[in-house]
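Quick setup: one chain, the form predicted on its own, written in structure tokens, and binding and motion questions come after.
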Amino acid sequence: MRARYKPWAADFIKENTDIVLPEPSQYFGKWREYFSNDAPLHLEIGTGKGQFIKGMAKQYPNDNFVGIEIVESIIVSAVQKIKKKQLSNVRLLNEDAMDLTSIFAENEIDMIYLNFSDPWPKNRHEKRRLTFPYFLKQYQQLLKPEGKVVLKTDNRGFFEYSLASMSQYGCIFDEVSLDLHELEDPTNVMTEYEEKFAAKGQPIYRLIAHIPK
């Protein structure tokens, strides 16, 4: 995701450590303690400008949500949305998602969302795709036995790659949709990208899968 550089972003993040948590590894195995409840914990990898996680937090006010976004100039938009709605069940991390196991403990997460992830189309970049086995292994460890991965994308190539990679890893698919909006799912919360592509009539692909332990 490209974003206009915001020179004030780093300072803004430091001013909002109640929303963007510094040193998140300190909450390893203690996320429910942090949120002061035993509600389901949802993780969005690549939160972007925060429309999805904001919408989910409003739709499921009794659940907890953590969003990861590495780009400072992008995550600040998510912070602004969370502040405006005063959502206490959302926290953000300005971190790289390469090592999730240093932030979350085994069986600590209920749902993982991959929304319009960078497809990294060149073969030499395959290891960066969020459905490469390196990442699937982490999801398998962090998710509860009944936990699921939900992926949405407009990129057919990345979707097909993900189906193959996840199938080879042993994932079991609960849903595979080649046109999400034909399903008319009332629970679907759209991202900024999703609204943009859907308005142009482009199909949105979605899969829901679980990873047996």
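Residue numbers here begin at 1 and follow the sequence given. Every value quoted in this text rests on a predicted model; they were computed, and no experiment measured them.
There is also a form predicted in complex with S-adenosylmethionine; it is not shown, and the following applies to it.
Residues Glu44, Ala97 and Tyr193 are all found to lie within 4.5 Å of S-adenosylmethionine in the predicted bound form, as judged by heavy atom distances. Contact with S-adenosylmethionine in the predicted bound form, judged by any heavy atom within 4.5 Å, is made by just one of Leu87, Val71, Met111, Ala105: Val71. Residue contact with S-adenosylmethionine in the predicted bound form: Glu126 places no heavy atom within 4.5 Å of it.
With a 4.5 Å cutoff on heavy atoms, Gly48 counts as touching S-adenosylmethionine in the predicted bound form. Comment: 184-192 is the region of 155-163, 54-62, 184-192, 25-33 lying near S-adenosylmethionine in the predicted bound form, near meaning a non-hydrogen atom within 4.5 Å.
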